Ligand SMILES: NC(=O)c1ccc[n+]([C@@H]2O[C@H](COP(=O)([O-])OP(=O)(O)OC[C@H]3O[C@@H](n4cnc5c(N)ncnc54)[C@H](O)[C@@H]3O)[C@@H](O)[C@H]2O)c1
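In structure tokens, one chain follows: the form predicted on its own.
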């Protein structure tokens, strides 16, 4: 297939683009390089610098005649989304609609969308299933859920377009961007390797569902190549506390340095995703052990020193 990967120079997108290429697909990456990095991609993958909101996107997609679009371009920081809600709506909603319109006009057959567990209602029974109530409590989650509604509306009007929505848990691994105190694994790895002290907000008892990026990339290959459609959670079904994650990273770094503690953030206390729908649909489940993934991530950060922004 000929596949366009938006945001393909970013953390998750670059792993997907690289694996698509390795599997024999013709891959083109579209990225505006606000957060993406050219060095994340091998020189054998063609890269086009463009913003998903540009009106020229439609002409580009028509000209290239893509079979599929894998849409990972987005703004994705929950704390930042409170400061810039208009920008988050513009990129994550308007940009997605711009791509959808171009896709249906150009006859694209598959549209894969990276969504998030932040769409779910905080007080819903866990683990979350795809039928759990949605009621995002931050602009980031709201923008992703709005984009999902547009995607499903387009799918209903254009049956020839196969859509897959992937609601990610906390994806971690090599190439993850480090900023502030977001992206727990990346921040802890970068700071501890620099002999600095990461901050845990609250008492460290908050839990999340952590899934390794290579497992996510392989999932994206499966849903591209198999006739699956619909909305799916992407997680392990295992809740891990912030303190448990910190301890695993510190062990991989080889330090017993204790974290510092800061005031708690306004965020859901617990998030864990049921992976049973994906297992039933295509037999997918994560293969990389959590501690193994942490070790591989720390090893990457040890070589690619990344300052905390």
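The structure presented is a predicted model; accordingly, all values stated were derived computationally and were not measured. Positions refer to the first chain, counted from 1.
Omitted here: the form predicted together with the ligand. The next part is about that form.
*Asks:* Determine which one of 125-133, 169-177, 197-205, 221-229 lies within 4.5 Å of the ligand in the predicted bound form, judging by heavy atom distances; exactly one does.
*Replies:* Contact-bearing stretch, as computed: 169-177.
*Asks:* With the distance limit set at 4.5 angstroms and only heavy atoms considered, check whether 12, 33 and 115 all reach the ligand in the predicted bound form.
*Replies:* Spot residues vs the ligand: full contact, yes.
*Asks:* Exactly one residue in 270, 53, 240, 251 has a non-hydrogen atom within 4.5 Å of the ligand in the predicted bound form; which is it?
*Replies:* Checked against the cut-off, the match is 53.
*Asks:* Please pick, from 147, 76, 103, 189, the one residue with any non-hydrogen atom lying within 4.5 angstroms of the ligand in the predicted bound form.
*Replies:* Residue within 4.5 Å of the partner: 76.
*Asks:* With a cut-off of 4.5 Å between heavy atoms, is residue 91 one of the residues that contacts the ligand in the predicted bound form?
*Replies:* Close contact exists here: in the predicted bound form, residue 91 approaches the ligand to within 4.5 Å, heavy atoms only.
*Asks:* Please tell me whether any heavy atom belonging to residue 120 falls inside 4.5 Å of a heavy atom of the ligand, as the geometry stands in the predicted bound form.
*Replies:* Heavy-atom contact with the ligand at 4.5 Å: absent for residue 120.
*Asks:* I'd like to know if residue 212 sits close to the ligand in the predicted bound form, meaning any non-hydrogen atom pair within 4.5 angstroms.
*Replies:* The answer is no: residue 212 has no heavy atom within 4.5 Å of the ligand.
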